[in-house]
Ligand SMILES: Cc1cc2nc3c(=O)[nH]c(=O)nc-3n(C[C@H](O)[C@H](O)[C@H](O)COP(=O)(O)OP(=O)(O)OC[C@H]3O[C@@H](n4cnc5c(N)ncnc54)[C@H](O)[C@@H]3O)c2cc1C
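One chain comes next, on its own, written out as structure tokens in the form predicted alone.
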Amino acid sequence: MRDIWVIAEDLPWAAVLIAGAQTISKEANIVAFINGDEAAAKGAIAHGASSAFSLPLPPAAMWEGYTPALAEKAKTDKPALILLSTSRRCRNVAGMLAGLLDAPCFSEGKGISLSGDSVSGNTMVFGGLAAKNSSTTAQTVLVTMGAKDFEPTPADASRSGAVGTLPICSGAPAVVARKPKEAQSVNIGEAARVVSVGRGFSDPADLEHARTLAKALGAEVACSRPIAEFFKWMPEECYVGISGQQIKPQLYLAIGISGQAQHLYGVRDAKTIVAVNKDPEALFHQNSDYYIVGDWKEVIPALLKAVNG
């Protein structure tokens, strides 16, 4: 059985990808490449990797700078699969690595299976509107996977395996300046309840009404892409969609969001979706468990009254 590689920016991501590799093949030799020091590599071993390489990142270096070294090693070792996280950095690495290896990449791959020399699985196409089943006999196949796709196995400190270090390539792009982001306490990926706002809100001050409702529900506040990227009313970490966060809360309350395919992709795994929109023909009408037709200015106070008794 050929190797399955996992490439991750941190240990939690590595643990998810290792669990994915174990699900795909019980016999495969799992090799982890993880940003960090020797302790991070040993952590990957504890979560189930057979061997691990640390990828220490110098202060002025970029994560993508490891791609040429990873490509050269992949050409030599010929892993059957390379699993990467769907973080922005790893998506960049996946694209660059696929290009250097002339290898196919299953973006947001689901149901990946490995049988002999064939790899098959589902990928989202048309902005998440449909799923496509693909298969290939390429020597190496790359797959990006989400943080919620697999449940990591508990770490076992008694596990042992070879640990090494992969050096970053000389001449890699360097960081000339860093600007810290304002600290955010929002973690919509882990939230059990999420209240999400869209272009139905015409003023940033109006978002306070959604925050009040979220507080009453014990929920986090998220948004559609325009609210974060175009209007800059909320941090980019808060927007849900195919190019943003993919979440699966117990409750997703979408207010003033039409429900385009790109947004729906981000909440396809939510247990219960409630949508509020004054347009009875909005796409969310066909893709929610409950749909309230009305102006949010009237619906939010009514929901608050119901929640608060």
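If you superpose the two forms and keep the largest set of C-alpha atoms that fall within 1.5 Å, you have the rigid core. All residue numbers are counted from 1 along the displayed sequence. Being a predicted model, the structure only gives us computed values, none of them experimental.
Below, we refer to the form predicted together with the ligand, which is not included among the displayed structures.
Undergrad: Looking in the predicted complex, is the ligand within 4.5 Å of a heavy atom from each of Gly218, Asp269 and Ile273?
TA: No.
Undergrad: So in the predicted complex, is the ligand close enough to Pro12 to count as touching (4.5 Å, heavy atoms)?
TA: No, Pro12 is distant from the partner.
Undergrad: How about Gln262 - does it come within 4.5 Å of the ligand in the predicted complex, if we only consider non-hydrogen atoms?
TA: Answer yes; at least one heavy atom of Gln262 falls within 4.5 Å of the ligand in the predicted complex.
Undergrad: Should Phe106 be classed as touching the ligand in the predicted complex when contacts are defined as heavy atoms within 4.5 Å?
TA: No, Phe106 sits far enough from the ligand in the predicted complex that none of its heavy atoms falls within 4.5 Å.
Undergrad: Are any of the heavy atoms in Pro226 no more than 4.5 Å from a heavy atom of the ligand in the predicted complex?
TA: Yes.
Undergrad: Leu253, Ala41, Ala49, Val240: which sits within 4.5 Å of the ligand in the predicted complex by any heavy atom?
TA: Exactly one listed residue reaches within 4.5 Å, namely Val240.
Undergrad: Tell me, please, which stretch of 50-58, 29-37, 66-74, 253-261 lies within 4.5 angstroms of the ligand in the predicted complex when heavy atoms are compared?
TA: This holds for exactly one stretch, 253-261.
Undergrad: What are the residues of 295-309, in order along the chain, with a heavy atom within 4.5 Å of the ligand in the predicted complex?
TA: Going through 295-309 in order - heavy atoms within 4.5 Å of the ligand in the predicted complex - the hits are Asp295, Trp296.
Undergrad: Using a rigid core superposition, assess whether Pro12 undergoes a CA shift of 2 Å or more between the shown form and the other one.
TA: No; that C-alpha moves by less than 2 Å between the shown form and the other one.
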